[in-house]
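Shown below, as structure tokens, is a lone chain in the form predicted on its own; questions about how it binds or moves come after it.
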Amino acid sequence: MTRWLIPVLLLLLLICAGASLLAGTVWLRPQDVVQALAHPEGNLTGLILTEIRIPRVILAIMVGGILGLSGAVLQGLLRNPLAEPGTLGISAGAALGAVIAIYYGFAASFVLATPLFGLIGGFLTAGLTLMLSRNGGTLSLILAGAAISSVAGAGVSLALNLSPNPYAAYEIMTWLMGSLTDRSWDHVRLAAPFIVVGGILLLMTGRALDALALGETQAESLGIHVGQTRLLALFGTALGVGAATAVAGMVGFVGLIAPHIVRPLVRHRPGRVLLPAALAGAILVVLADIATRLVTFGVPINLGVFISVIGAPFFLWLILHMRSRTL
């Protein structure tokens, strides 16, 4: 099964991406899509595909992929099955940066202000987490991330409380719920370089994660530089997840769920989980994005909300499963 896992996941991802191009307010037929892609100019179908749905599906793949990959790396690095990108406070920092852009009106004057401020917020929180945990081990990294996440969350709550008008509060809440609606090629171009570089840094930790499964002391005896591995994981998460959060808002649980889906299929080896987890994360986000267009209750469901509705029961099951294993 391990041999065929990545090809099967790639095939599933292609199928889901193709379905995402068809689904929406205006449903498209496969033959219309093929014809529009061959001759995109001068027709409505080509405009819908090239300006709305293709950027949206590319962002869904990038966001889901980096969240799944970073979740797998952090679970291996921290040796904690409940670890995910929010553990280091980077998602909360990116959220606070975006909220500041909306709160002070920068988002109204410049369309990319929200993701740019989100990127800055993610980088600053990553730097603070690194400074606070510099002389400590894994536990200090977790505690620093929790502290930074709490401070950033308090800042977001304060901005909502002091919001100058209902429209600003609505914008903040909508962004916090996560969405890929109305995203354009500008968002793809902004996020792609950071997500690609972040993904490369995270993939470079694979060999070290296998050794760290034996413990930090044993890993160092095998020639693994644990501090360097932490830096790669931290900066890779800061670049990738910071950019993903900046363009898509808060999308939780993907980094938690995706590694657990594929881990039994790779015999629980941390290094082998990375690429399958990235593909599984991309599939999850693409499917959830399709579902947000199909499942409505009078108003559309935001991407982050939909994934949370699925992720929360999974999180509860995971805790109960871990409890049963320790009894």
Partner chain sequence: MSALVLQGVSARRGSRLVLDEVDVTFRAGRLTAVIGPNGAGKSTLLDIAAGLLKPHGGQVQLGGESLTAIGRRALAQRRAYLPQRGAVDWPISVERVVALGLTPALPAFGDLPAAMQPSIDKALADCDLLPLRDRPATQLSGGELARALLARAIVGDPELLIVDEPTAGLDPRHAIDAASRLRARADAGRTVVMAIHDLDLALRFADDIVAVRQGHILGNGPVDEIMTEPLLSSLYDIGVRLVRDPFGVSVRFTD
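Residue numbers count along the first chain shown, from 1. Since the model is a prediction, treat every value here as computed from it, not as a measurement.
Heads up, the form predicted in complex with its partner chain isn't pictured, but that's what we're talking about next.
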(Q) How about residue 116 - does it come within 4.5 Å of its partner chain in the model of the complex, if we only consider non-hydrogen atoms? (A) no
(Q) How about residue 268 - does it come within 4.5 Å of its partner chain in the model of the complex, if we only consider non-hydrogen atoms? (A) yes
Q) Just to confirm, residue 210 within 4.5 Å of its partner chain in the model of the complex by heavy atoms? A) yes
Q: Determine whether any heavy atom of residue 222 comes within 4.5 Å of a heavy atom of its partner chain in the model of the complex, and answer yes or no.
A: yes
Q.
To test your reading of this chain, name the stretch in 243-251, 141-149, 211-219, 107-115 whose heavy atoms come within 4.5 Å of its partner chain in the model of the complex.
A. 211-219
**Q.** Interface residue in the model of the complex among 205, 133, 87, 75, criterion: non-hydrogen atom within 4.5 angstroms of its partner chain
**A.** 75
